[in-house]
Each structure stands twice: as C-alpha cells, then as structure tokens.
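Take a look at this single chain, the form predicted on its own, given in structure tokens.
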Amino acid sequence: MSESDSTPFDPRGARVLLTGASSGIGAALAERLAAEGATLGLVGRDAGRLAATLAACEAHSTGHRSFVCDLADWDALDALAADVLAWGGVDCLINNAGIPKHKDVFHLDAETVDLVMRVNYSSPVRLTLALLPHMAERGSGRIVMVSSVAATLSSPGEGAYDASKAALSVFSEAMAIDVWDHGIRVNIVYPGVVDTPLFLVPDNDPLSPDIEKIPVAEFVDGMMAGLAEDRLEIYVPAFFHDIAKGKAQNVGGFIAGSVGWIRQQQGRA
C-alpha cells in the first residue's frame, strides 16, 4: 500500500473481535458496532456481564458470540485464539481489555509492575500475533489497540500503567510498518479519562477531583470517527494530541509543569 491508501473502517458486515467487552468502554463500543452492522465476538472475564453485552448486541442483530476468557492466562488466551479461528477468523481485532494501576512508584512492587505489563501489553500482543497470520493470508484486516493518553503524557502516579500503554503504542507503530503491504491496517486509540468505574477498582489511589472525565458515549463517538477516517493515532478528546506534541518538544518543561501541578494539588504551590 502507498501512503495515500487509507482504508476507512466500515462496520457493516465486518466480523469484529472485541476484548474487555463486559463493561465500560467495551460494552458501549460493542453495542455501537452491532447497531452499525458488525458481527461481534465479545471477550471478557465476567460471564454474567458479558451475557448482558451480548443481549444488548442481539437487540440490533444476530450472529454474535461471546468468549469468556481471562486474557492474563496464556493457556486460556491461546485457546481463545483457536476458537476465534475456528469461528472463521475476524476482519477486525480491537484490543480494548486492560487494567488500571494508579499508584506512585513508592507504592509499587515488582509483581504489580509485571502484572500490569502482562495484561496491558503482553496479552494484546500475544492475541494479535495469534490472529495476524490469518489476516495476512487473507490479505486484509484491521488491528485496533486501545492505548491511553498516559502512554504519551507520562501521567504522574501511574508509572506502571504509563509504561504498559507506551509499550503497546510503540509495538503498534512498528507493526503498522511491518503489515503495511499485507492489506492490514493498524489504529492506536488514546483515550483520556473516561467516566467508567475503571479507576475505582481496589488497590488504586484515587484520582484528583480536578481531572475532567468524558462520558463513555463521547469516547465511542470519537473513536468511531477516527476509525472512519483511518487515522493511525486517535486521541479522544482530540486536544490531547496537541498536548502530546507539546510535551515531545520539551519533555523537561512538561515534567516540571507536572510537578508544579502536583504541588498545587497538595497545597504546596
């Protein structure tokens, strides 16, 4: 493909495997994709919640499937990939599943860092590698990685999470080059803080009340618009793209500014 060979994503008739589909962003995205004509393979750990997402999708159309799987379990993940290929493979893989970890480095341990990297980076990469040959053989496909603005903005108090999402983003950029001439498109989505219970799970420090959250529906709208335009980088909200570019031009200044913001939050400004 040439640089101009953009391939907008059209959900109509597409078979989409979506991880993290049992709640939050994943559940809302699943219903939106079903409403726009996609056939969904829904992946999640919670069978009950996944069944609810499946029912919401089936209210729009039929033919969807659910796969209960703990993606941090390599045997289970490999079995999932085999089941998906037996299902007929997919046109689009959306790696959305992930875990938060809002903890500063003084409260992290090596085991936590390893777990976050396993779930947020190694797991989506492993699933991608398992399904990629089928896409390449067919000569078409799309891989969507849901990263985070934390990957490019080095969010304070989230070192383990930041690193896992940064690794996912850089892997995806390199992969986009490798698969360019095989008919496979790659998109990297960078959500801001979306209004879901993600950062309310146990063993996470509370977020600052001054951090603005965006509604799930707003995020889904932004992501779908970016896929329709086949943008490599999809920031939602879009203004984070400019912040990331500004940081890249002056990392030291950005870090110093972040320290100032933290001190202000703590009443030490």
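Note that residue numbering follows the sequence shown and begins at 1. Worth saying up front: this structure is predicted, and the values here are computed from it rather than measured.
The same protein also exists as the form predicted in complex with a small molecule; that form is not shown, yet it is the one meant from here on.
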Partner-contacting position among 119, 81, 176, 167 - heavy atom within 4.5 Å of the small molecule in the predicted bound form: 119
Proximity to the small molecule in the predicted bound form, single hit among 160, 188, 71, 90 (heavy atom within 4.5 Å): 71
Region of this chain that lies against the small molecule in the predicted bound form, out of 145-153, 81-89, 177-185, 130-138 [heavy atom, 4.5 Å]: 145-153
Non-hydrogen atom contact residue 258 with the small molecule in the predicted bound form at 4.5 angstroms: no
The small molecule contact in the predicted bound form: residue 203, any heavy atom under 4.5 Å: no
Interface membership of residue 226, the small molecule in the predicted bound form, 4.5 Å heavy atom rule: no
Contact test in the predicted bound form: residue 26 vs the small molecule, heavy atoms, 4.5 Å: yes
